[in-house]
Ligand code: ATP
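Just one chain follows, in the form predicted on its own, and it is written as structure tokens.
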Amino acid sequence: MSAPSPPGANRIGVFGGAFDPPHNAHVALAQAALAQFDLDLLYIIPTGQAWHKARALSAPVHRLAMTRLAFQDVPRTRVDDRELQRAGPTFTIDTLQALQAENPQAQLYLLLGADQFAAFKQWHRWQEILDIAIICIADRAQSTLAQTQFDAYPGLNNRFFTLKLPLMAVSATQIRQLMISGAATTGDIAKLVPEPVARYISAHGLYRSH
């Protein structure tokens, strides 16, 4: 089912994350969203100071460089560093409002993982997010996404759509742990992240010690 868009409006997707590091499932999600929601453009936005993450993120310069490498061959994507430039905690609502002001005729589509959606009501000014953006939730095979989660938003079902993805056994946490433990070679990591990202991780010695 295709998400609605006002007549004549551009469809602009927004995909934020730590991207520490960006991996193959991130790229697959972006490609699926572009195809399934017929997006004209997808902003890839590395988060700045994430209010909800307890651990310290890798340096912004590295996460931005890896994100650019990961998505360099994906058409209709644009890596945007505005959240890395922002002082203080990063809130999605601020980014969405800025993008809407820059693209007043566009319909925004915010991409979320099923785990993020489960905690969506804890997000800063989440009601305003729903006013601005249609929420596209990545529903991987065997995920825990259930109708009961949508029931928590009575009258707002038209603001949520599912994004179908294949099951991909890869996560940024897994990659960092493999690197920290020394259990993975650059070749091993290259099976989990785009090859240019694997080379960057190796060249800069990322995740070897924290």
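Start at 1 and count along the sequence shown; that's the residue number. Predicted model only: the values in this text are computed from it and were never measured.
Another form exists, predicted in complex with the ligand; not displayed. Remarks below refer to it.
**Prompt:** Heavy atom within 4.5 Å of the ligand in the predicted bound form: which of 41, 184, 65, 165?
**Reply:** Selected option: 165.
**Message:** Going by heavy atom distances of 4.5 angstroms or less, which of 73, 102, 131, 115 would be at the interface with the ligand in the predicted bound form?
**Reply:** Contact check passes for 115.
**Message:** Taking the ligand as it sits in the predicted bound form, is residue 157 near enough to touch it, meaning that at least one heavy atom pair lies within 4.5 angstroms?
**Reply:** Close contact is absent here: in the predicted bound form, residue 157 is far from the ligand, nothing within 4.5 Å, heavy atoms only.
**Prompt:** Can you check whether residue 11 is within 4.5 Å of the ligand in the predicted bound form, heavy atom basis?
**Reply:** Because no heavy atom of residue 11 falls inside 4.5 Å of the ligand in the predicted bound form, the answer is no.
**Message:** Residue-level contact is defined here as any heavy atom of the residue lying within 4.5 Å of the ligand in the predicted bound form; does residue 34 satisfy this criterion?
**Reply:** Result no; residue 34 lies far from the ligand in the predicted bound form.
**Item:** Partner proximity in the predicted bound form: residue 69 to the ligand, non-hydrogen atom cutoff 4.5 Å
**Value:** Residue 69: no contact with the ligand in the predicted bound form.
**Asked** So which bits of 152-174 sit within 4.5 Å of the ligand in the predicted bound form, heavy atoms only?
**Response** Going through 152-174 in order - heavy atoms within 4.5 Å of the ligand in the predicted bound form - the hits are 165, 168, 170, 171, 172, 173.
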